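Coming up is one lone chain in structure tokens, specifically the form predicted alone.
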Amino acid sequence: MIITIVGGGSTFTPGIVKSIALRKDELGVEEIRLFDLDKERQDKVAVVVKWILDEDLKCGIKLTVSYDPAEAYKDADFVFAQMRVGKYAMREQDEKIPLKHGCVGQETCGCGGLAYGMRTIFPMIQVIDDAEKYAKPNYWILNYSNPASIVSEACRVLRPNARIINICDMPIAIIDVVAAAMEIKDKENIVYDYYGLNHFGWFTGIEYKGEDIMPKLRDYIMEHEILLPEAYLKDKAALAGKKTNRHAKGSWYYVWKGVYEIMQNFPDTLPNTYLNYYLQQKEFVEHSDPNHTRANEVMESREKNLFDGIDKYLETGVVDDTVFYAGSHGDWIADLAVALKNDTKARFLVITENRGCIPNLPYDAMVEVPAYIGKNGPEVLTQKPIPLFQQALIMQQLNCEKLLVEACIEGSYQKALEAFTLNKTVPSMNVAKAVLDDLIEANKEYWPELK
């Protein structure tokens, strides 16, 4: 049993590996392989991974660090993909270039998400092709690579028969915060209903042990004017601390505050926090610092903490396990692998082709909805028609992403401009053109040529 992690140099790799190792018996995993194109970065992260496997957990799982796809994918059962094409240097451009033009600067939403998508589509297709060539015939690719909505649409178009399931941990991070706010310790007993696109959806119901807790949660958000646990609110300094939920630091504060602001106007559902960038685009531009975005926050915190911790370990032999993130991000993907391998029919939120699941959305839309996971993949739960307001928002975003994928495949400047113009975070076609042209210049090394 072999699991290959593509993007082995990611700061999330140690946490994912720990989650895999803790499920060694359920997965029957014997070997974990790290595969990354950045040798220096992956070699450093591998130091922590080896410590986790050999010293921390002493689990007996073999570690292979590879830079060759034939070696990395050979006979793999699972491929966990978490690529960041262009790394944080390009994420910084994704955020700062739109802000320069008065548009939302965010890595997966708005113009930044479109730019990131253009960089990621063909590398993701390469992952699929390599898995098809070298992995076991019944392999599964579990993909965290962002922007997942654009990546999943490209995979649907270009590799419709690929054994790939696209997932996102943001809804799980939201449920983690909901559980903390509601003082629920056993969050595994929370069941939720949800629909939308990736980073563009709504929770329509949240139950705890069969009880509908949405009214109680709504009251909490209205009283505190934010969706954050009281423990965080009492000690604002904790928002910058290592032990704090990684989604509740720095600029994330405005995101959780935005949940309250959205629900003041639309109280019937709990929004995915990313909806802030579409429903409050003006306000989020106003409180963004165009010279210091979330990319900078991450580089100064999670990135710096991990690599400083690795250097300390190499010098002293002492590991501070607070320097790497371990939690729901790794647990979610590892538990999904367990469900696939053992045919558990456990319930997950996945990104999958609609095929009538949501009756008033296109058949081929890549939607994010609950599904039961077994050996043959997702069994999606059928939903009722969604309200016109949400349907209209989804259709605008869906068509924007479809145009972007077509632009990338066809090398079409016209379709790229249409995608940028259609995006709700962009105020006019002239601004869309200015942002697109700047992003083309910044992404010369990564994007296909647009004519």
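Computed from a predicted model, the values in this text were never measured in an experiment. Residues carry their position along the shown sequence, with the first being 1.
Below: the form predicted together with nicotinamide-adenine-dinucleotide, not depicted.
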Only one of 284-292, 355-363, 166-174, 341-349 gets a heavy atom within 4.5 Å of nicotinamide-adenine-dinucleotide in the predicted bound form; which is it?
-> 166-174
Using the partner position in the predicted bound form, report whether residue 443 sits within 4.5 Å of nicotinamide-adenine-dinucleotide, counting heavy atoms only.
-> no
Does residue 50 reach nicotinamide-adenine-dinucleotide in the predicted bound form, with heavy atoms at most 4.5 Å apart?
-> no
Answer for residue 424 alone: is it within 4.5 Å of nicotinamide-adenine-dinucleotide in the predicted bound form, judged on heavy atom distances?
-> no
Consider residue 415 of the chain shown here, and say whether it contacts nicotinamide-adenine-dinucleotide in the predicted bound form, taking contact as heavy atoms within 4.5 Å.
-> no
Site test, 200, 261 and 276 vs nicotinamide-adenine-dinucleotide in the predicted bound form, non-hydrogen atom cutoff 4.5 Å = no
Checking 224, 302, 218, 136 against nicotinamide-adenine-dinucleotide in the predicted bound form, the residue with a non-hydrogen atom inside 4.5 angstroms turns out to be 302
In sequence order, which positions of 20-52 have a non-hydrogen atom within 4.5 Å of nicotinamide-adenine-dinucleotide in the predicted bound form?
-> 35, 36, 37, 38, 41
